[in-house]
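First, one chain by itself in structure tokens, the form predicted on its own.
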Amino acid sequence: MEIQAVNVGMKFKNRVILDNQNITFQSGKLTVITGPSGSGKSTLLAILGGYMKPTIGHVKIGEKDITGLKEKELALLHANNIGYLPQWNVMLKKSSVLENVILPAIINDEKKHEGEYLEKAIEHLNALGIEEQKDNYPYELSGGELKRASLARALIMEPDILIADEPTTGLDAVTATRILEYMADYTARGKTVIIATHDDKAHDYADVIYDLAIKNVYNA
């Protein structure tokens, strides 16, 4: 599913955070967004996913302009089409890893196909190398394990779009590579994957690199 940012800008208290961003993110492509700290990478991701409204410009997902959608419409979009992996921990402390991973599916699937999602969750956790941690609580996980569990949670509904903010920050090389490879494999299924990162290793998995500061697109 294609995402298009058209003249997107963001100001906060007269400070320009983003200025006139124009870029299209294509299905089946992994796009890495680069730029120095403070250049607005996280803000752009939040706008692309419909979690924040731009001051100017608009975002189209497929044929739909999402900028003016109401909360209920955005909630459906997030439930059915977008997986979001933020920098911070989104896991519930008193729920197991497996319960956390399937939570978006249980909330959003009215038919409550819990068994199907349990199977999918275990498949993700196994592929990411942390199935043995499924009954543990988030506070019992290392940083790398927590990030992999969060990725499994973001993918549980098999969204058309995956948006990830600094998914490898602070991780060892082996874990970072495993996460990037998993995202690349997901892209190969025709999904749209967008990563904002300082990690140069991500460039090895990118189809497209977008330098936010100078607004240049490079085909990797």
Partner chain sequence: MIKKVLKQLQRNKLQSVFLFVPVFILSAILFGSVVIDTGLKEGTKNLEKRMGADLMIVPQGEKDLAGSIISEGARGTFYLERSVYDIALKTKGVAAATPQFFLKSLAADCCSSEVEIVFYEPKTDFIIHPWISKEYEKQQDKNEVVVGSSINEEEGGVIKLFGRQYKIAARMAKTGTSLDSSVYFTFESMDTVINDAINKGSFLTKQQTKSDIISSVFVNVSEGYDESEVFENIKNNTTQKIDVVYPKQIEKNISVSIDGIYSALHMVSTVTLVLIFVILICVNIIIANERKREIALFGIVGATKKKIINMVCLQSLFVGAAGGIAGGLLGALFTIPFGDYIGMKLDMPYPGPAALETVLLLVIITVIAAGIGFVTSLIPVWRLSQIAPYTALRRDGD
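Note that this is a predicted model, so its numbers are computed, not measured. Numbering follows the first chain given and starts at 1.
One more form of this protein should be noted, the form predicted together with its partner chain, which is absent from this view; the next part is about it.
Remark: residue 126 does not count among the residues lining its partner chain in the predicted complex, judged by a heavy atom distance of 4.5 Å or less. Contact annotation for residue 136: none of its heavy atoms lies within 4.5 Å of its partner chain in the predicted complex. At least one heavy atom of residue 108 is located within 4.5 Å of its partner chain in the predicted complex.
For residue 141, no non-hydrogen atom is located within 4.5 Å of its partner chain in the predicted complex, even though that partner is not displayed.
The stretch from 174-182, 42-50, 60-68, 187-195 that comes within 4.5 Å of its partner chain in the predicted complex, counting heavy atoms only, is 42-50. Shown without its partner, the chain has 165 as the single residue in segment 159-197 with a non-hydrogen atom within 4.5 angstroms of its partner chain in the predicted complex.
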